[in-house]
Structure formats: C-alpha cells, structure tokens
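Next up: just one chain, as structure tokens, the form predicted on its own.
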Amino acid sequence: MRKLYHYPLNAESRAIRIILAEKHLDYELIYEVPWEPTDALFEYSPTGLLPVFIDLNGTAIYGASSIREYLDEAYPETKLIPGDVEQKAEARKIADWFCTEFSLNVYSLIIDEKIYKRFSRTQSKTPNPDNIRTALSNFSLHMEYISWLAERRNWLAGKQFSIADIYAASYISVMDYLDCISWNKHELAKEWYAKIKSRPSFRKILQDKVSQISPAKDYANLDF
C-alpha cells in the first residue's frame, strides 16, 4: 500500500491527498505532528518536514513539489500539469506562489500563532496579535489575486483544472478551517472555491477534524 505521512492542517499534505484522489490512487495516511516529528518520518525526510510519499515499489519522496512531479510522471493517466509548455509553466508558477509567498506571508504566520504556539512544548503559548493582523492583511491581497485569475479563466491557470487550483485550494482550505475568511468580501474567489469543494477529490479534506480545533461553521458545506 502506498503511504503518505501527513498532518491534517498541513496545506502541502492536503495538496498531495487531492492529487492522489484525482488520480484514483489508493494509499494509507500516516498521521504526524509537525512540531514533534517521529524517527520514522526522519528516515524518509532529512528535514523532518511533511509531506512524505512512499510508492508501491518503495520509492520514497519528500517535499510536495517533488511528490507532485513524481506522481504526474509515474501516473500520467490523469494529468494535473496539463497543456503545452507555457500552460504547464503557468500551473507550476501559481502552485509555487502559494508554496512560497502565501505560505511565508499568510499561512505560516497563522499556523504558528493558532496551532504551534497552542500545542508545541517548545514555543511560547501566547499568540502575537500583530502577526495575526499582518497575516490577515496579506491574505486579502492573495484573495484579490485569486479573484483576478478566476474572473479571467475557467480555472486559475487556464482552461483546465491543475495543480494551480489544488495548491491554492489546499492553503485556502486550512484558512477556512481556522475561520479566517470573510467570504462575502471575495465573491469571485468564493465561486472558484465552491467548484473545488464540489469535486470528489476534495471530500475527505472537508471531513478533516483536528483534536481541540473545531472547523468553521460552514467549512464542510458546499453551499456556503
């Protein structure tokens, strides 16, 4: 059985779960706590970072970008980096934007303040409201970017659903779980995200539950 080491609110783990579901690949989820990585995780990921994917043949890959490229090459029946060379570059560009800019300026700040500080034994338990305010301010700019793309294209990178949509939705879904989004302020982004939420590959993401952290009221609702 394929294996994926993950944490439910790790956005890049979510992205790989969606990719695996889109490709109809069975796998086993192995739960890891990011701030307390196990020896088993370090066996495959020298950094101790998630996600880690192990294929049927024992091939082990860490890092979401490496895993996504591997899966699209190893299982090409459903291409999630579709189109010509320019379209593929556009999909990768947007996906990487969320893995870098969004992760650094929004997601990591929110996760650190709302989750790591709450549960980690090595960090201060006192959230820094300035970091949260900064993250939410930055988040609005990213939602405007999603809206701009959604207004001009069928999907974020063009005519076809791709890793651009998967990575954006993975990060947005964590923010949504943590009740950080005022959807009435971002109607175009909301319409795009509603399409993502209705895809079968997203169902298990919407079923995620994290101990001691309840999702936002409409997190799992398709009509939100």
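Each residue number is its position in the shown sequence, starting from 1. Just so we're clear, the structure is a prediction, and the values are computed from it rather than from any experiment.
Omitted here: the form predicted in complex with a further copy of the same chain. The next part is about that form.
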Does the trio Met1, Ala21 and Ile115 actually contact a further copy of the same chain in the predicted bound form, every residue with a heavy atom within 4.5 Å?
no
Pick from Ile166, Ala157, Ala64, Ile172: which has a non-hydrogen atom within 4.5 Å of a further copy of the same chain in the predicted bound form?
Ala64
I'd like to know if Tyr70 sits close to a further copy of the same chain in the predicted bound form, meaning any non-hydrogen atom pair within 4.5 angstroms.
yes
Taking a further copy of the same chain as it sits in the predicted bound form, is Asn184 near enough to touch it, meaning that at least one heavy atom pair lies within 4.5 angstroms?
no
Distance check, Asp130 to a further copy of the same chain in the predicted bound form, heavy atom within 4.5 Å
no
Looking at the partner-bound form in the predicted bound form, is Ser108 within 4.5 Å of a further copy of the same chain by any heavy atom?
yes
Looking at heavy atoms inside 4.5 Å, which stretch does a further copy of the same chain contact in the predicted bound form, given the options 186-194, 23-31, 52-60, 173-181?
52-60
Residues of 78-106 having any heavy atom within 4.5 Å of a further copy of the same chain in the predicted bound form, listed in sequence order:
Val85, Glu86, Lys88, Ala89, Arg92, Lys93, Ile94, Asp96, Trp97, Thr100, Glu101, Leu104
